[in-house]
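Below you'll find only one chain, the form predicted alone, shown as structure tokens.
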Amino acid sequence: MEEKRAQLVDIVGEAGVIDHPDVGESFSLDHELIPPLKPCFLVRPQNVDQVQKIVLWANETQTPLVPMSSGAPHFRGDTAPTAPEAVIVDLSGMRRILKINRRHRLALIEPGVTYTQLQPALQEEGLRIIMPLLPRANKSVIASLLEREPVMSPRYQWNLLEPLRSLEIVWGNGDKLWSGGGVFRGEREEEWRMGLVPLVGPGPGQLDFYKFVSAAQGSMGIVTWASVKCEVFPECRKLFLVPAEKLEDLIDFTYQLLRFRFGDELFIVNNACLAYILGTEPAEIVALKDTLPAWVVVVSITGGHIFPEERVAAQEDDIRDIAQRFGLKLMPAVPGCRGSDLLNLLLQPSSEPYWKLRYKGGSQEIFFLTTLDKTPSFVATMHTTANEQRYPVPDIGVYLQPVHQGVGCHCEFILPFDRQNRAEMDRTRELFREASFRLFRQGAFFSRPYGIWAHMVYNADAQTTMVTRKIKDIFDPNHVMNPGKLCF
């Protein structure tokens, strides 16, 4: 171990190597059956050259590497080592915003850049990036996009990786590759004037290399740089709420909004999920759950920078007409929630404590892809399973996010639990396992297979498993990148 430590110090310096970091709470807040192993070191590289040297060193010494770029807490176990004597590669120190260009609506960032850091910098240039629902303040933008966390704006999402474009990747064998237009680094101003900018995601050639590292949980390589597409910051925006007592009453209305590309932010939540977003402490959350409507469509309208007020007014009239055709009301506020207050929350990362932890201190998530019309049946299955496991159904938060311009839907169940109550943790764990299996058999597509989901997904598709392992052998022949995840 001392020899390994000395070799790492030669690469990143004495301050960049930390012995025996505290795992447990820091690296995984989920409660999977297999506890994470303690890594031997945590290293903090400062540039891509150091990252490449670490990966080459790992191949020489057969040392497992676990990439990480977001701050604690971590929920899903993808940053928790499952191989002995692993080294955590902490990329949070690589946090430079290399370039923001309004004309091309593009930002070049390193993996340590967070939404808290990026959004104000973009706004100074009159830009913004479409965000997931209330990300953690220390959440890495690149990590969020690589893991395909759903964004709140389906109209801007041309594929599930939007707004991610070109990448700089250090593969598990130590080779470095620029995907898409990444070879045009845009480091000189004349390159931008000539249009030589990393605007394209797929490629080079006929392969979409950036897809090999998406939702891979760091098992293929390490991304050290990315270009992300931005949108013009709107000069005028409003947020409206459309309440209903039954989820089924909102499905066709939401499909109609998606058809006409109405709404910048557009999603559906139940009263529990909205209470977790709005509330700041348990007592307030309980009161909100009793006050808020059972289901709410959240839709924001923006006006861009050309006739913004007129565009917002026209969209508002059209959406109100659509709502009336379905027997619904477009409202600026509902009992327990004003649209203006919710809008202020959605435009920035979550405040502390993280919104999913405010109610009981712990939270387990179940999420998958489906289509919006099938979500009521999945909600019914979740409620039935919760009743059988004696889990309080009113505590289950439901978040439905249309993705890819409404082609699909991210369906997420939020299960709060008290981490100090062993019986409650066991009950939530059992609900998580049983509900995951039932939802999978019902047709839920776990496109981001963390933990036990990986066994479900890959055991059901031998052909995909074989191809995935072949790709792993090409880019990480010694299997040093986060072993034990996915089907590896």
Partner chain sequence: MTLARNVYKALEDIVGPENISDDPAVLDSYRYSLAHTAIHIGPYYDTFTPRGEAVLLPGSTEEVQAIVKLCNKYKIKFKASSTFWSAQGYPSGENTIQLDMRRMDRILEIDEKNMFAVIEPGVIGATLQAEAMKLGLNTHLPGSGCSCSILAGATSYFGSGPSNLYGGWHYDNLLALEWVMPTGEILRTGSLGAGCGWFCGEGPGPSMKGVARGFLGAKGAMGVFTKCAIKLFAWPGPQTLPVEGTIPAYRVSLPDNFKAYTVAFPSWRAWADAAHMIWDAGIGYLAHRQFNMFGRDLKFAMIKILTDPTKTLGDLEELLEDPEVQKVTQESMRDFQIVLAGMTRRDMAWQEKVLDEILRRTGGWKVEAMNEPEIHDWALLYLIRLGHKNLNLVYAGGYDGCFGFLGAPDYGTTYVEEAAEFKREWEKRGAIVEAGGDCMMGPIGGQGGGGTCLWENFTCFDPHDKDSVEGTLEFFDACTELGLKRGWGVGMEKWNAAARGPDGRTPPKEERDRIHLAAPQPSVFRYQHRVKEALNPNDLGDAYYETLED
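Positions refer to the first chain, counted from 1. Owing to the predicted nature of the structure, the values given are computational and were not obtained by experimental measurement.
The form predicted together with its partner chain exists for this protein as well; it is not shown, and the discussion that follows is about that form.
In summary, among the residues Arg188, Arg193, Arg390, Lys246, the only one with a non-hydrogen atom within 4.5 Å of its partner chain in the predicted bound form is Arg193.
Only one of Asn344, Thr280, Gln206, Gln324 lies close to its partner chain in the predicted bound form, with a heavy atom inside 4.5 Å, and it is Gln206. The candidate site formed by Asp10, Val141 and Pro402 is entirely out of contact with its partner chain in the predicted bound form, as no residue has a non-hydrogen atom within 4.5 angstroms of it. The chain is drawn here without its partner chain; in the predicted bound form, the stretch among 351-359, 328-336, 112-120, 371-379 whose residues come within 4.5 Å of it by any heavy atom is 371-379. Not displayed here, its partner chain is kept clear of Arg96 by more than 4.5 Å at the level of heavy atoms in the predicted bound form.
By the criterion of a heavy atom within 4.5 Å, Ala460 is counted among the residues contacting its partner chain in the predicted bound form. Mapping the unseen interface onto this chain, Ala137 falls outside it, with no heavy atom inside 4.5 Å of its partner chain in the predicted bound form. Put simply, Phe41 is far from its partner chain in the predicted bound form: not one heavy atom of it is within 4.5 Å. Residues from 428-457 that approach its partner chain in the predicted bound form with a non-hydrogen atom closer than or equal to 4.5 Å are Gly443, Ala444, Phe445, Phe446, Ser447, Pro449, Val457, in the order they occur in the chain.
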